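Shown next as structure tokens: one chain only, the form predicted on its own.
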Amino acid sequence: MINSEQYLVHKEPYYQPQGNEVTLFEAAYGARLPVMVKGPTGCGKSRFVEFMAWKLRRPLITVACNEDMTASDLVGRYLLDAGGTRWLDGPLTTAARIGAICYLDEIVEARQDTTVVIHPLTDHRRTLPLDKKGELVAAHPDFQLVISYNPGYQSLLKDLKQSTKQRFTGFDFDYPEADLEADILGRETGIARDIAVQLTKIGAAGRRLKGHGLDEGISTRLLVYAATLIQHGVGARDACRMALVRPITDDPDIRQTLDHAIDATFA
């Protein structure tokens, strides 16, 4: 028997709403509608889903999707052991059985022939066929499917089919406004307000370079890393170079531009 308690989020995750997304998600969950969360890397998509699972008091099973993930990785497979063969449910099947929120993070990283297995769970059927086992799993009444991806960082080969997209309700996420982002940095790391404000200015400078030498802007997550380093005694300029510049680009001109912005901010 699966113990759903192990999947509960017991401690409230810190999440600062940017709009009415909490109310809208609650409505979607009340109707058991599947949800798609779209937004840039490190803007708080996963934290939001974790927060909502805590708020709704539902188990949360998260799957980090990747290009090597197969349908069996999601639904389950037979395993060999000393007693012969036994079936092991995958995370999607487990979530459907116990009434958890199943969160497929960065779903476009998975192959399209893998993602089609979610289709029967996202319409009126709310079922999951286990073809290898010859079982049709009826989703628990509390089950909900949530997916996320970054629409600004994908190729034509890495996009969801329309037949998949149109099975979901959707949210657009973005990086927080400067004041809210500074609040988040302070709450997450304890950094002084003036330094948090300076970090958000550097983040904004980096985001303006997206599409002009950078594939992705400086995320809120990276700003939290920089603030954490500063809180651990690293100088502000070194912390910013380490957390905000070196991870996102190897282009010498872009690095120089961002380094100048850091020097000017922390002059």
Partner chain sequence: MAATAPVFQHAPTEVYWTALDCGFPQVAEVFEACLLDAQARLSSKGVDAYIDAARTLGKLGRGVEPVLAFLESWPAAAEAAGEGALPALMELVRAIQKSPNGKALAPLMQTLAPVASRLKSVELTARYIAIARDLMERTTGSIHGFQQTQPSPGLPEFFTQAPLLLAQMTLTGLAHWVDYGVRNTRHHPERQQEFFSLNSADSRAVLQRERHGTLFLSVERQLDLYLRALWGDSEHLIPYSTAFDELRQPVPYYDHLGLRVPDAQEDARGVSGIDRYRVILAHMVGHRRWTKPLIADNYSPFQRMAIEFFEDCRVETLLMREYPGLRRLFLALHPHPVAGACDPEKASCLRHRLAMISRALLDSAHGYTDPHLMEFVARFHAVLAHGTASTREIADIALAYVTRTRRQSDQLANVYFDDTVVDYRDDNRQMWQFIEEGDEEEAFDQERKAEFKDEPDRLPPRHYPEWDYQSQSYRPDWVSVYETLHASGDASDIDGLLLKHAALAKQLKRLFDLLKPQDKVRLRYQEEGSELDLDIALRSLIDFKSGVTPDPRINMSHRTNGRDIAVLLLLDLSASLNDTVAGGVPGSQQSILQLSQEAVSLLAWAVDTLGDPLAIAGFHSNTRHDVRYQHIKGYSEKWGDPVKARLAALDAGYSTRMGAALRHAGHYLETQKADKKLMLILTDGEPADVDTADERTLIEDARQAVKELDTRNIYTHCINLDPRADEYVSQIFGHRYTVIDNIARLPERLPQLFVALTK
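Keep in mind the model is a prediction, meaning the values are calculated, not measured. Positions refer to the first chain, counted from 1.
One more form of this protein should be noted, the form predicted in complex with its partner chain, which is absent from this view; the next part is about it.
> Consider the chain as shown here, without its partner, and state which of A205, I61, V35, L56 has a heavy atom within 4.5 Å of its partner chain in the predicted bound form.
Of the listed residues, the single hit is A205.
> Can you check 35 to 43, 238 to 246, 224 to 232, 208 to 216 and let me know which stretch has heavy atoms within 4.5 Å of its partner chain in the predicted bound form?
Stretch 208 to 216 is the one.
> Could you confirm whether R126 comes within 4.5 Å of its partner chain in the predicted bound form, counting heavy atoms only?
Because no heavy atom of R126 falls inside 4.5 Å of its partner chain in the predicted bound form, the answer is no.
> Considering non-hydrogen atoms and a 4.5 Å limit, does its partner chain approach D194 in the predicted bound form?
Close contact is absent here: in the predicted bound form, D194 is far from its partner chain, nothing within 4.5 Å, heavy atoms only.
> Check V9 for me: does it contact its partner chain in the predicted bound form (non-hydrogen atoms, 4.5 angstroms)?
Close contact is absent here: in the predicted bound form, V9 is far from its partner chain, nothing within 4.5 Å, heavy atoms only.
> Heavy atoms within 4.5 Å of its partner chain in the predicted bound form: does K132 have any?
Residue-level check for K132: yes, a contact with its partner chain.
> Which of the residues spanning 251 to 267 lie within 4.5 Å of its partner chain in the predicted bound form, based on heavy atoms?
Residues within 4.5 Å: D251, D253, I254, Q256, T257, H260, A261, D263, A264, T265, A267.
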